[in-house]
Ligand SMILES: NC(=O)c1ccc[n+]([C@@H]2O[C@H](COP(=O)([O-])OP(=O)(O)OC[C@H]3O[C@@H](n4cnc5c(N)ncnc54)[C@H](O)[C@@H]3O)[C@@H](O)[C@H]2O)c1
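The data below hold one chain only, encoded as structure tokens and taken in the form predicted alone.
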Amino acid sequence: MDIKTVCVVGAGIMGAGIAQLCAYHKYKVNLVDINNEILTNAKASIKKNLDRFFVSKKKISVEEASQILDKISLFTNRDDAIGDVDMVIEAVFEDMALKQKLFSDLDAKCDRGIILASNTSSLSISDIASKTNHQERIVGIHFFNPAPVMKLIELIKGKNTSDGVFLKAKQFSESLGKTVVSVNDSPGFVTTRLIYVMCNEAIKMFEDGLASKEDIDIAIKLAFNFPMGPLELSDLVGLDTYDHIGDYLSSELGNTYKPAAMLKKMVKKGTLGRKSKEGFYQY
């Protein structure tokens, strides 16, 4: 393994979690976003998570938490952030045009040996890479929220991803203490395609008056031993995110995946789940 420094593009919930995870496992991290406020909030969130879930439970010491934070450098200039790294992990919004532009820019500016990885949960890696000149170095590394805790990484090989890049990405992912599943490129991959269908169907059930939101969630949790019900999970992920995923999956795979009418209405109204303090539940 010759990956020592990682750049994480995007300091939202997923980006901050990935940065924390990488720093915890001894990698240097350059975390980049558009302004200092976002970056400062992200690092404060990482410190809070380390204190709450690691230091207080005596998994690490206060000194070790400080060392982890010191491994994370903050950047508002992406060109500076990618200057000395071995891998770039993208964690921006699930929008194909946005990701294509980002990877095109990264491909033009990063040295050929740098691996470019997308944390997309649903968008085709091949399509994301399609605007670049060196598609062989682009791979999907799908982390799950919260990234420091969830045990799985879904590793996606694009149409032109090289075997060497895929192997190195697998070794890197395993070095983070994760179980890695290898998936060929397809919209939604394995996990998002399945969980979206369940959550979208649960929304349709609620919309049709089949049961209350509480009873739908309780039924799924107790019947299948899930930690969260599908409506609770939709609020956590973000209703706008599921709406966007549904539009994409239905355009690629057919109307079976079309977002529920209630989901569309809630997003239009601005009730997006936990991020807006209101979704199927109040927060």
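These numbers were taken from a predicted model, which means no experiment stands behind them. The first residue of the shown sequence is 1; numbering continues from there.
Keep in mind that the form predicted together with the ligand is not shown, yet the notes after this line are about it.
Heavy atoms within 4.5 Å of the ligand in the predicted complex are found in one stretch of 57-65, 221-229, 26-34, 249-257, which is 26-34. Three-residue candidate spot M87, G113 and S162; no residue lies within 4.5 angstroms of the ligand in the predicted complex by any non-hydrogen atom.
Remark: R274 does not count among the residues lining the ligand in the predicted complex, judged by a heavy atom distance of 4.5 Å or less.
L98 belongs to the set of residues with a heavy atom inside 4.5 Å of the ligand in the predicted complex.
By the criterion of a heavy atom within 4.5 Å, A11 is counted among the residues contacting the ligand in the predicted complex. Taking the partner from the other structure, the ligand in the predicted complex has a heavy atom within 4.5 Å of a heavy atom of F143.
Of the residues M205, I195, V92, L74, just one reaches the ligand in the predicted complex with a heavy atom at 4.5 Å or closer; this is V92. Contacts with the ligand in the predicted complex, taken as any heavy atom within 4.5 Å, map within 112-132 to N119, T120, S121.
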